[in-house]
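In the form predicted on its own, a lone chain appears below as structure tokens.
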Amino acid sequence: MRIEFAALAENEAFARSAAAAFVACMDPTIEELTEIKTGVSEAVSNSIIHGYKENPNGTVELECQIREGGKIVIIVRDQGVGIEDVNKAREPMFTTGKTEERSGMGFTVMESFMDRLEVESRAGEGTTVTMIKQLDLSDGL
């Protein structure tokens, strides 16, 4: 599944819902679904707020894949300002926003809810966040 949408704050909820609807066929637990939705929310919010500096003319791309064995791959991509120092940006509490408005925990939240997080970025070219989540496909027995 691949969708593109305007970099508007109200589209963050749309992205969460689209990702949740896509993975629903895998019958994830409520916890897994919440973790996926939260990861998507954080990545999309970062694109809108930091990547495009809340410029509604930007476009965010959301791609979701279901791979063998219940592996979910979620990619959030923008062509915004990019991240100069990805390692620094991944540190807890780091933010380029106003500290009274931003917690600087976006990447930390994504890392805690996903099994793997990859961030590729170039200043002036944009950012791609890839999140991988392994679903528990056991039938509860």
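Remember, it's a predicted structure, so these values are computed and weren't measured experimentally. Don't overthink the numbering: it's just position in the shown sequence, from 1.
The protein also exists as the form predicted in complex with another copy of the chain; that form is not presented, and the subsequent description refers to it.
Among residues of the shown chain, Ala18 is one whose heavy atoms approach another copy of the chain to within 4.5 Å in the predicted bound form.
When another copy of the chain is considered in the predicted bound form, Thr130 lies well away from it, no heavy atom lying within 4.5 Å.
Among heavy atoms of Asn11, some come within 4.5 Å of another copy of the chain in the predicted bound form.
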